[in-house]
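Next up: a single chain in structure tokens, the form predicted on its own.
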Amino acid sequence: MATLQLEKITKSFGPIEVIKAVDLEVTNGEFIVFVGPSGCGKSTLLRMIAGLEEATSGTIRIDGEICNDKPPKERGIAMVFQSYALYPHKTAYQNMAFSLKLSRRPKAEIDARIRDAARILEMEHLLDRRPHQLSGGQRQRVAIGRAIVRHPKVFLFDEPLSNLDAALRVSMRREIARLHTDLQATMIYVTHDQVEAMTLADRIVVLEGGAVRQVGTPMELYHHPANLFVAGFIGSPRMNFVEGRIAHIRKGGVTVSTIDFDTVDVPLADTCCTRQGAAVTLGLRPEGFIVSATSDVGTAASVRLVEQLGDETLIEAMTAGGQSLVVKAAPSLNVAVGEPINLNMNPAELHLFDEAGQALPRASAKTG
């Protein structure tokens, strides 16, 4: 186990800066996930930690020791790639033993490490098989076992499940989570799949355009996104966004900030904005709506699409004002395409973002 510090790390390819002054501190035994859209720089950042890419500027510390100029083999890391990269002519045992033989470890120690890793990964019965005799998930276990036997300070995973089918991804995701619990090792994991990020991470690092947009626990990012990008990226289906402007209405001698949404005034926190007419974006996740097929209170809408998922129903609705929304409803709600529904917003679930896309204080009042 080890700590990791990134201090003002940048990476440029000629005039193009792909990693922009990233600061991050990873504690001992923490599971950190880098997530973001394709091309955001997450794999490049991981490769710099591994020593496969050279940082243009900044400092990388592992256990407090600067390792910018150290080759990968001296950094105390082990990396699991998207490609299994197994030797096809070697057995699982031989693939896992290869790096240990290169480092001239005693034969008894090599065997003990491999047997221990195989026990952890529940693959003792696979050690004599060659890669062509293994399934995709079994090959990935061998690749992970090859990393475990090195006893690294830090495990690095670069989209290790992206080549697997959906069902196998779920089972391997659980195995990696269990592996972290068993080893209590420091792990850094790269993925574009937010479900993997939410289910595996102690903390998530959200990247966009080479810059860190927010770092936090999965629930912090889900319930308290710092900006529009994080709000839209984390969560499936994604958060609904409605453009509007701040209005100030005096009620009982108190000035209340509201935003007009399809002729319905949505009350906001008193401190959210002071400038009347300011452009804002209101965000609400699909589960933040209260959906009714009979009530005449709230925002009128018509159903455009219904997706029955068993435990919940997803509805794409269009309001009278032309706003398209995706809402979650109970599976007991029976509506069909073209039928009217009414939508009420749960004020506790409202998010508000200023013109720069930064989050404003949350709403605190009930809708009127």
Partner chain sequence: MIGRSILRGPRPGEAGAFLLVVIIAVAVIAAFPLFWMVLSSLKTPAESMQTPPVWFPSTPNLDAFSEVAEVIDARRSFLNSFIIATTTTAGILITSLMAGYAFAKYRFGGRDWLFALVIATMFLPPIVTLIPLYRLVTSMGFNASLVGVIVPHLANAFGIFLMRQFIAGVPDDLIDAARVDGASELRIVLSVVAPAVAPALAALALFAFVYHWNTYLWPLTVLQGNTDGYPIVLSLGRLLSYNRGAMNTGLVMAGATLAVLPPLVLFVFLQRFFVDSIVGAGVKG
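Residue numbers count along the first chain shown, from 1. Remember, it's a predicted structure, so these values are computed and weren't measured experimentally.
Just so it is clear, the following notes concern the form predicted together with the partner chain, a form of the same protein that is not shown.
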Heavy atoms within 4.5 Å of the partner chain in the predicted bound form: which stretch in 176-184, 116-124, 94-102, 191-199 meets that? 94-102
Exactly one of 78, 268, 228, 239 has a non-hydrogen atom within 4.5 Å of the partner chain in the predicted bound form; which residue is it? 78
Though the partner chain is not shown, can you say which of 146, 213, 285, 139 has a heavy atom within 4.5 Å of it in the predicted bound form? 146
Is there a non-hydrogen atom of residue 293 within 4.5 angstroms of a non-hydrogen atom of the partner chain in the predicted bound form? no
Just to confirm, residue 86 within 4.5 Å of the partner chain in the predicted bound form by heavy atoms? yes
Please check if residue 251 has a heavy atom lying within 4.5 Å of any heavy atom of the partner chain in the predicted bound form. no
Residue 47: heavy atom within 4.5 Å of the partner chain in the predicted bound form? yes
Going through 32-54 from first to last, which residues have a non-hydrogen atom within 4.5 Å of the partner chain in the predicted bound form? 47, 52, 53
